[in-house]
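First, one chain by itself: the form predicted on its own, in structure tokens.
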């Protein structure tokens, strides 16, 4: 946030400067910022500084956390172009989306670049919570999977998913599926399963195991977890769900700090045949 601190030093008091958030998100031409109540009267000064950044045409205020089955953000445009639809460029991919209607977390940017490097040629990948294609599209574009099943519940996000498949010319690889993944995800087909959702991820672990091929495969399991249980709880949940099968923890990392005292973590898990025996990592 060095830019904002320097740009606003002459118009905000030192105390107000300290209240500025640690950063803001930039999605396409839109800058998204969170402001504490004390700074809301100064939002005009903040937005003018953001609109001076090259390529920024819209400033939106984050008014709450993403919630609900459709994972819809709570944003309000406070300056500039009122349109919240944009095209975001990342990792050699294009993502068209409406930031006020669908989720797109910039905190996952490293994860979106990491996963294509793990996918082996010819793999079948299932993305159970595909959104606008933020994982499925880079995997299809930068790896060599034989098929990517991209499942999305939100009809608006699904529409952008289809558009992003077209924009990135990966329609020969990515198959979009509209609906609840519990109902529409294919069973017994995947070498690798993506579980890029938070809060309720553990409820879908039995489904992820069904989506894997009978011979097993890799699950990328995301969870929001209290920092003191950082990897302990997701690993325990993975072993519990896969009872009777071999389990090997291939990797674990903190994706980002989700909230004070809460981390967003991901564990990469190799699951063996159903007749196997669990092996603690």
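Positions refer to the first chain, counted from 1. Everything numeric in this text was worked out from a predicted model, so none of it was measured.
Absent from the display: the form predicted in complex with a small molecule. The rest refers to it.
Peer 1: Okay, which stretch from 76-84, 113-121, 176-184, 91-99 lines the small molecule in the model of the complex, with non-hydrogen atoms inside 4.5 Å?
Peer 2: Residues of 176-184 come within 4.5 Å of the partner.
Peer 1: Looking in the model of the complex, any heavy atom of residue 103 within 4.5 Å of the small molecule?
Peer 2: Output for residue 103 is yes: heavy atoms within 4.5 Å of the small molecule.
Peer 1: I'd like to check something about residue 108: if you look in the model of the complex, is any of its heavy atoms closer than or equal to 4.5 Å to a heavy atom of the small molecule?
Peer 2: Yes - in the model of the complex, heavy atoms of residue 108 and the small molecule come within 4.5 Å of each other.
Peer 1: Is residue 138 a contact residue for the small molecule in the model of the complex, using a 4.5 Å heavy atom cut-off?
Peer 2: No, no contact at 4.5 Å.
Peer 1: Residue-level contact is defined here as any heavy atom of the residue lying within 4.5 Å of the small molecule in the model of the complex; does residue 71 satisfy this criterion?
Peer 2: Flag for residue 71 set to yes.
Peer 1: Which pick from 193, 148, 151, 165 sits with a heavy atom within 4.5 Å of the small molecule in the model of the complex?
Peer 2: Selected option: 151.
Peer 1: Go through 170, 197, 143, 209 and name the one with a heavy atom inside 4.5 Å of the small molecule in the model of the complex.
Peer 2: Residue within 4.5 Å of the partner: 197.
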